[in-house]
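Quick setup: one chain, the form predicted alone, written in structure tokens, and binding and motion questions come after.
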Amino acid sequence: MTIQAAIKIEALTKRYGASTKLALDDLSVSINPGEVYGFLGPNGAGKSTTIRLLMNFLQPTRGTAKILGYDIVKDSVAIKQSVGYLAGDFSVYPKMNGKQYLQYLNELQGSGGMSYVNALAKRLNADLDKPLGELSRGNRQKIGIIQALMHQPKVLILDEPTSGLDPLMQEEFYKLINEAKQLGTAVFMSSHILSEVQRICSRVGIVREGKLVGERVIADLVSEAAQTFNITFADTVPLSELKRIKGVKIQNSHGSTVTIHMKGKLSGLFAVLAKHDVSAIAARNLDLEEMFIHFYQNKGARQ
């Protein structure tokens, strides 16, 4: 049985005005229910443009996208009723307090009572009594997260959602996203924080200069990372012998230490190591930052 994508983006492209450079270039991504998709890239890469197109705050130059089967342009009202959205530049009515603001949104959504809103506020330690204009950035962000989650939508679109949150509140946010995922919610989340993407995302897409240059499943990255080793020799690194091992790729070598990536069986590697005086060997944990840098240093075709 084929699963219908919660978000399906096809060749989505955006050019601003008469610019010769595309802000978003032929983006195609499909996100299933219950999947948390991390959208990575530096400022200006096209992350926020993508999110604004999905919410129909911008019109695409060409291409299409659907959310829960709704066209982002033709059915934007239905999308806004069905999606939880948090902008990267989340703004509020400064004279309202949090309770007034969330009650107002609750009435617009027709979501029912405020019990879930109050539960979210308690979990995030959000101040609902203070005027929103007097809140710190982190405390305003808590209100933003609550308003995105309060109607328990089937799709969440979040632009830098943990910006300004302290570590404890980041942990609580991760728990909330995991709970939403378990209920089948699809999450499309842009982020600069590689560790949080590594922590909560099922899959990541890397965007550079408006183009998707790579996608990776986090579980596959974890599997690959388990085959990456830092090895320190008592003497000189036997590079020629290591290079002859099937499946070995030398990532870097400095002094008596070498970092290798190993695909396949490890028996060939350990046969070579047994002939030398090895001071230390350690398997390395997944380093999403290294992968991210790799895509930005190698400006080739999509990988």
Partner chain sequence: MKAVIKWTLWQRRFNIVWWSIASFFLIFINMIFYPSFKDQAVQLQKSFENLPQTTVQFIGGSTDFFSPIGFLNSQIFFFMLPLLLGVLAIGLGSSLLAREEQNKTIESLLARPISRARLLLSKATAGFVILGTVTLISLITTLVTSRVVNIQVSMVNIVLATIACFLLVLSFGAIAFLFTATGRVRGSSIGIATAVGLGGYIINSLAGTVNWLKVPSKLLPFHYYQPEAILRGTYEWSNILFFLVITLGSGILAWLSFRRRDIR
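As the structure is a computational prediction, the values presented were derived from the model and not from experiment. Numbering follows the first chain given and starts at 1.
What comes next is about the form predicted together with the partner chain, which is not displayed.
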Checklist entry - Hey, of 228 to 236, 83 to 91, 173 to 181, 197 to 205, which bit sits against the partner chain in the model of the complex at 4.5 Å between non-hydrogen atoms? => result 83 to 91
Checklist entry - Can you pick the one in Glu134, Glu107, Asp129, Asp220 that has a heavy atom within 4.5 Å of the partner chain in the model of the complex? => result Glu107
Next on the checklist: By the heavy atom within 4.5 Å rule, which residue out of Met150, Val213, Met169, Val155 makes contact with the partner chain in the model of the complex?
Outcome noted: Met150
Checklist entry - Would Val73 count as touching the partner chain in the model of the complex under a 4.5 Å heavy atom rule? => result yes
Checklist entry - Wondering, does Gln59 line up within 4.5 Å of the partner chain in the model of the complex on heavy atoms? => result yes
Next on the checklist: in the model of the complex, does Arg52 come within 4.5 Å of the partner chain, counting heavy atoms only?
Outcome noted: yes
Item to check | Heavy atom of Met114 within 4.5 Å of the partner chain in the model of the complex | outcome: no
Checklist entry - Looking in the model of the complex, is the partner chain within 4.5 angstroms of a heavy atom from every one of Ala5, Leu22 and Ser30? => result no
Checklist outcome for this item: When the partner chain is considered in the model of the complex, the residues of 178 to 205 having a heavy atom within 4.5 Å of it are none
